[in-house]
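First, one chain by itself: the form predicted alone, in structure tokens.
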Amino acid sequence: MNDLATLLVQQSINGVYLGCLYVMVALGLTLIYGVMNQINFAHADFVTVGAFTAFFVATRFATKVLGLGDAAAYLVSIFVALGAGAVLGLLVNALVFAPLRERGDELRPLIATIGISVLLENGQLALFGPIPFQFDSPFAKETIRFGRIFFTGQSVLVVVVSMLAIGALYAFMKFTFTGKALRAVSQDRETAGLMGINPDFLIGLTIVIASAMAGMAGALIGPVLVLTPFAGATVIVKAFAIVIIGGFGNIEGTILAGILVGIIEAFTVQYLGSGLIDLVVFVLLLVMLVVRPTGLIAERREENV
């Protein structure tokens, strides 16, 4: 394999790894918009909660209380972060979103997400302080080589966990009765209710699933970030861009856009430098808005989720 081919393969692998991280963050946004036609501005803070949960489980509880090794502790922390995100979504829906939905006002839940974001950020700031935490993954120290191509164990873990999560979500949405009912609610909430489906339950379930995925995303992306109460904000803007590029509310489009953005970032770092990453991504976003404002996969309500 010549130098150019090696470079192309290496950067493509790096791009897929980055893309999987972005997809895990963006999928929750897409799911909520696809079902509720709303944007959750607190999604970044759900990611941060997942990252902090994974950090303390991996470095404190699993190693010192359960006596697990570093690798096992980190794997456990991923699932605990998923559960923490689900519980947080359940609480937020029960205490905030459900009462506001009963009033039939679509603007108030949107505004409420901003309030939840501020509450979570300041709550974590009070608990953990402003000093950053260093969250090291034991898998990041393991390097796998195939000739001149190399990647870390963390990259493999991120790709595998992302693929499993995406596959499970797809199978749930396409092949289970609850998933089909959720898709019906996304298409026409009133008609679904007349057919015996409980829209409020399914909307709450959507929030729980999206929050669980945000928690898992936090556990995966935590070792990449400098962990602070505002860590999620560093990736959420790019996640919004990916959702728009892919097509608002479209899961397949979000996955495709996330991988595309990850690969573009990898090659941007190689040829233009890391300082131009955000510029290139948002130029792509502007081009998409001009050339194809519906996104890579056009929004069709009957096919979104």
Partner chain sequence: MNIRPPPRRVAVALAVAALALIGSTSHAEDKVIRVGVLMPISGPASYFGVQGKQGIELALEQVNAGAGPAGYKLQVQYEDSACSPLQATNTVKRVLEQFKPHIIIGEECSDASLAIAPILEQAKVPLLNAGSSAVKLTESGYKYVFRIFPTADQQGTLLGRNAYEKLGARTAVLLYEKTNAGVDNADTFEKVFTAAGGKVLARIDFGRDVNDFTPIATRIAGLGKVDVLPTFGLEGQTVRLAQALAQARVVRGGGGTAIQMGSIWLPWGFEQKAGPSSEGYIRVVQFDPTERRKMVTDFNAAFRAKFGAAETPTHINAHAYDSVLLVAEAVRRGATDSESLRDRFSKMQGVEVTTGRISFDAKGQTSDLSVIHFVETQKDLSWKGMAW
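Residue numbers count along the first chain shown, from 1. Predicted model, so just to flag it, every value in this text is computed and none were measured.
There is another form of the same protein, the form predicted in complex with its partner chain; it is not shown, and what comes next is about it.
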{"property": "Whether N14, A140 and V235 all lie within 4.5 angstroms of its partner chain in the predicted bound form by heavy atom", "result": "yes"}
{"property": "Listed range touching its partner chain, judged in the predicted bound form by heavy atoms within 4.5 Å, from 198-206, 140-148, 211-219, 67-75", "result": "140-148"}
{"property": "I131: touches its partner chain in the predicted bound form, heavy atom cutoff 4.5 angstroms", "result": "yes"}
{"property": "Proximity of V226 to its partner chain in the predicted bound form, heavy atoms at 4.5 Å", "result": "yes"}
{"property": "Distance check, T113 to its partner chain in the predicted bound form, heavy atom within 4.5 Å", "result": "no"}
{"property": "F97: touches its partner chain in the predicted bound form, heavy atom cutoff 4.5 angstroms", "result": "no"}
{"property": "Candidate from T152, S117, Q124, N93 lying within 4.5 Å of its partner chain in the predicted bound form - any heavy atom", "result": "T152"}
{"property": "Contacts with its partner chain in the predicted bound form, stretch 45-65 (heavy atom within 4.5 Å)", "result": "none"}
